[in-house]
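Given next, in structure tokens, is a single chain: the form predicted on its own.
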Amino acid sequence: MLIVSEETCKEVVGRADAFTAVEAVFAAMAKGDAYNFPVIREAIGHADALYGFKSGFDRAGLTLGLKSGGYWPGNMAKGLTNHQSTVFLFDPDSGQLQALVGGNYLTAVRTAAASSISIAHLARKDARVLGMVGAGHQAGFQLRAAAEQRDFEKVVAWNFHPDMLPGLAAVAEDIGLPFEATDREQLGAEADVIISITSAHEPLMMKDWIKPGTHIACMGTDTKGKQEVDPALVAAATVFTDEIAQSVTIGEAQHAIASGLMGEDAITPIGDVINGVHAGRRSDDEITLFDGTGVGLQDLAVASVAARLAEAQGKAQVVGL
């Protein structure tokens, strides 16, 4: 059995590795070759923590396993990441445990990969302004991954707590993009691509603020009750997602569905675009929206890459069962 630490994951798995792995698993899901199992997510009644399990099987990639972890809101005060997780990989032929892989960095990089995949397949080719709604830990990963998909010339950003924006500005500076803090309405007026990555429970971006041709990646809504954008905006957009079942129950589409503004049949798996089954963006004026709910198969895909690369480079710890 292999043990792959958080530090080793950072050393061996890059953005390109995550992009390739997540794109492949989205494609497999759309073909019916990969399956997410029901998610378990519970408030444990201690430390205000949410804890749960995401699991699945990718028959195409022969990856079986689960991610165990959750969210501890008091961790930052302890010098720890709020999100804590570990991935367990099993041999699909025998059920034996193959690897324990640190999941914190991989969760961040696979989430960023998902939004960047949506940009690669759905954003206008001439997109030049990137809008960031949210400036927490995950936002930097999102910004770096997104910047590799289009020739952006500027980043405009808003956050609940403006004092966190300099951290995101530093990321933009590091990759050579001008950065401007702005209000949400102006962000909508300027941005060609918008990534929302918050823990909001209310709409932060309204339909009337979004200009034609915008691509929006909603990456923060992964639990019932969470919300980042106006339900009318979701209903007006052409909506794509990682998994329809999660989109309508815990994703951004939950509110538009519940309000009767749209039906489940209006949502397309992004894997259909990757596989060439759906054309994706059909015009320069079309508003496209990716509802990134986060699926267990993403975690298994990047953890499998981490285990393979770490073993090949002699960086994994090998232990007997």
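Throughout, we count residues from 1 along the sequence that is shown. Since the structure is predicted, the reported quantities are computational estimates derived from the model, not experimental observations.
Although not depicted, the form predicted in complex with a small molecule is the subject of the following passage.
Only one of the listed residues (Gly134, Gly102, Gly188, Pro231) places a non-hydrogen atom within 4.5 angstroms of the small molecule in the model of the complex, and that residue is Gly134.
In the model of the complex, the small molecule stays beyond 4.5 Å of every heavy atom belonging to Ala169. Not displayed here, the small molecule is approached by Met164 to within 4.5 Å at the level of heavy atoms in the model of the complex. Arg110 belongs to the set of residues with a heavy atom inside 4.5 Å of the small molecule in the model of the complex.
In the model of the complex, the small molecule lies farther than 4.5 Å from every heavy atom of Val87. Residue heavy atoms within 4.5 Å of the small molecule in the model of the complex occur in exactly one stretch of 170 to 178, 117 to 125, 148 to 156, 213 to 221, and that stretch is 213 to 221.
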